[in-house]
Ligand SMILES: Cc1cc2nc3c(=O)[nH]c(=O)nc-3n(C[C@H](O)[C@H](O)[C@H](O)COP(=O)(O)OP(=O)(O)OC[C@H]3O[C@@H](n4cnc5c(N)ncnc54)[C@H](O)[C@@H]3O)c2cc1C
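Presented below, as structure tokens, is a lone chain in the form predicted on its own.
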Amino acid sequence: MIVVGAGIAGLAAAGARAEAGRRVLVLEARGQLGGRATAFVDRATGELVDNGQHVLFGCYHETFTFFRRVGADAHVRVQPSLEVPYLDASGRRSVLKCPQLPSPLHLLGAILDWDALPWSDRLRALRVAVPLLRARRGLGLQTGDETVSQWLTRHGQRGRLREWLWEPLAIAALNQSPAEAAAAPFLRVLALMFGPDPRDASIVLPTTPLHEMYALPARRFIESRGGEVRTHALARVHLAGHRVTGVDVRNESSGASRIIAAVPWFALAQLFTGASSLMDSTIAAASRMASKPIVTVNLWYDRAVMEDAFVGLPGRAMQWVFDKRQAFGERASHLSLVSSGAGDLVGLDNEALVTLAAREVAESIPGARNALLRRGTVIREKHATFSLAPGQPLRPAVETPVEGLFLAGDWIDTGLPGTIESAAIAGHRAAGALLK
């Protein structure tokens, strides 16, 4: 069988197939593995950079199943408990840190002890305790067309608590303004993060460049079990009526009849040739799904400018800053600044974005004020995620009406937003459906 696409979903599906003793061929159109979670050499600077900062959480259970399978779990660092440092506009540091309490009491304890908030805001957090417990039990997720902002307002969340915690968390998880994004996927994220195990909320960061973190180990795993992984392999899947009739890669044809299409929503229509009206509605819905961008600015300084692996910058255009020294083996600070839901920034030119990011670093991070900025690069991921606004097309399941054709990707209907965990879930579901 063939997996088209070598991102998280495709490699998770292929790895599960290989573990089950099946030979699998993975076809990736681009020159590197990893899809929208990879690393590449920047043409302007020659630097190796991730194509955006990807953060995981301890509740990404399917992702960790995939990582353990291929031997990639040693390439991430898991916090003992949720700990998030913040720097305000003056550079004052505060930390949201969960104590050793059962979930979700550990979150409420962290908020009550968080000195960045006035006491009135800390006490407001108690109003979400019951909704969080209901979400954990799978209740309260049917919110209709209610947006995240409307849900927060309905539960009395306002002030600095909302500005520093809920809205940045929503933007990071959904890659969309809380005023636009539906509340249900956000509640699903909260239900997973603040599940029975307190470590589910822990932040997990890669300790290597992304392609080394999971894509190369996955390739070795698949090939060690008789499979094959090919790059620069643009595939076209032939459909005829109710079934798959083959796959073309450049000038080669295969009569493969079982396919997992692990491509993004915006690439689905271009994947198929031939005629099958059974896929028309799925392709049309995928084509109507709106995309949301992420902008990442990488800055290299002449010295280490921060001690933390990452910090939140509330109220800034660049919402989070990550120091990539550990992942890339550098001595001086290589900062990666991320703006999610970056519709207002994606149209700015590179010089303007580098200037903006450097200014916000200098204003917020005391150690950077006397440091020399050596160079900067910009990464625009215009199709980083799909829109979660109410009224968007329904997301498909992994199984399709076409015999032998399965779908995988973060955009499949997993109940989660477009996260690495959603991709891993979809990949495993597709592999399981095919094995049946």
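Since the model is a prediction, treat every value here as computed from it, not as a measurement. Start at 1 and count along the sequence shown; that's the residue number.
Just so it is clear, the following notes concern the form predicted in complex with the named molecule, a form of the same protein that is not shown.
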Students should find that, of 48, 384, 378, 59, the residue having a non-hydrogen atom no more than 4.5 angstroms from the named molecule in the predicted bound form is 384
So which of 179, 332, 284, 234 reaches within 4.5 angstroms of the named molecule in the predicted bound form, heavy atom to heavy atom? 234
Residue 8: touches the named molecule in the predicted bound form, heavy atom cutoff 4.5 angstroms: yes
Would you check, heavy atoms only and a 4.5 Å threshold, whether residue 264 touches the named molecule in the predicted bound form? yes
Can you tell me if residue 414 lies within 4.5 angstroms of the named molecule in the predicted bound form, counting non-hydrogen atoms only? no
Taking the named molecule as it sits in the predicted bound form, is residue 36 near enough to touch it, meaning that at least one heavy atom pair lies within 4.5 angstroms? yes
Please name which of the stretches 65 to 73, 369 to 377, 390 to 398, 403 to 411 has residues with heavy atoms lying within 4.5 Å of the named molecule in the predicted bound form. 403 to 411
Quick one: which residues from 314 to 335 get a non-hydrogen atom within 4.5 Å of the named molecule in the predicted bound form? none
